[in-house]
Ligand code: HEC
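For reference, the chain that follows is the form predicted alone, supplied as structure tokens.
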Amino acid sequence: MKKIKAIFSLMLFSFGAFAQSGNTNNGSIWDDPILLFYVTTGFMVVVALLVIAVALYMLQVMRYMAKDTAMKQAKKAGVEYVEQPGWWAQLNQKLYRYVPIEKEETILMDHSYDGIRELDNHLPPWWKWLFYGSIVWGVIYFIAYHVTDSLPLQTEEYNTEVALAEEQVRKLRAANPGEVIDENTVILTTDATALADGKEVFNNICASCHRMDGGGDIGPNLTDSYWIHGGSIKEVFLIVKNGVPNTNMVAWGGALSPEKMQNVSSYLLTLQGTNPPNAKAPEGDLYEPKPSEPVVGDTVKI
């Protein structure tokens, strides 16, 4: 009982301290209805748990007192006290049909294996109910999914979801042609703000392998005209997005937004022809941009 009182007191103290700390910010913390909901719900759950704990404790006390009274009455009457099974034990007896050890001869089977005899005990009810339920569910599943085709199978569900997602992407691209950026719609931007953002991204995550000036270190030189996986804006965007397997070039598609990947791809292409000192030797094949591609290099100053 003392432990329960201590826990309840600690809970009230913590709740009061939290409320007091919230009031130091001009009481604005209590303006959030979600916070009040969570605090109230948590308080009610704790109180409910304490009530259950106290009820269980009082139940144990009452059982002990009843048992003690019965023992005293049996001793006073000069008879041996025999404890009666509780309702839980009686329920288990009905469900499992236990046989006492002294009566095991009644369920002993005739056959034996190397002197080992076997008892004809009943299976646990939960196991039998689970087994019967599995049979019923199997029949329902077979009829619903394979006989009547009332419900779709997993492959059909997957294909439906993919088709729905593709339709949503199509509508999104149609409604916002300039906002959806991928390897098919990426452009070589010359906007100074976008290139400044690309430069910041490059310095933060790319310079560790390609150097701040793009001359190449662990990664290849980005200032020459030789490219391992292609030097167009779409090809560079794909490398930034998906990375290169079995190399130090990791995929940044999950960490960077499409806009930032477009910005950093456009920025690193501006490093073409800068010829930094001690640059790494060319790698890959000479890339010659198509006439339709925009000119890159020193056309935009950052």
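Here the structure is a predicted model, which is why all the values come from computation and not from measurement. Start at 1 and count along the sequence shown; that's the residue number.
The same protein also exists as the form predicted together with this ligand; that form is not shown, yet it is the one meant from here on.
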Review point. Going by a heavy atom distance of 4.5 Å, is residue 199 a contact of this ligand in the model of the complex?
Key: no
Check your understanding: With a 4.5 Å heavy atom cut-off, would you call residue 248 a contact of this ligand in the model of the complex?
Key -> yes
Point to revise | Interface membership of residue 82, this ligand in the model of the complex, 4.5 Å heavy atom rule | key: no
Check your understanding: Are any of the heavy atoms in residue 188 no more than 4.5 Å from a heavy atom of this ligand in the model of the complex?
Key -> no
Study note, to complete from the structure: Only one of 34-42, 61-69, 233-241, 270-278 sits within 4.5 Å of this ligand in the model of the complex by heavy atom distance, namely 233-241
Check your understanding: Of the options 180, 194, 228, 99, which one has a non-hydrogen atom that comes within 4.5 Å of this ligand in the model of the complex?
Key -> 228
Practice item. Could you work out which of 209, 107, 143, 74 is the residue within 4.5 angstroms of this ligand in the model of the complex, going by heavy atoms? Key: 209
Check your understanding: Within 248-265, which residues come within 4.5 Å of this ligand in the model of the complex, counting heavy atoms only?
Key -> 248, 249, 252, 256, 264
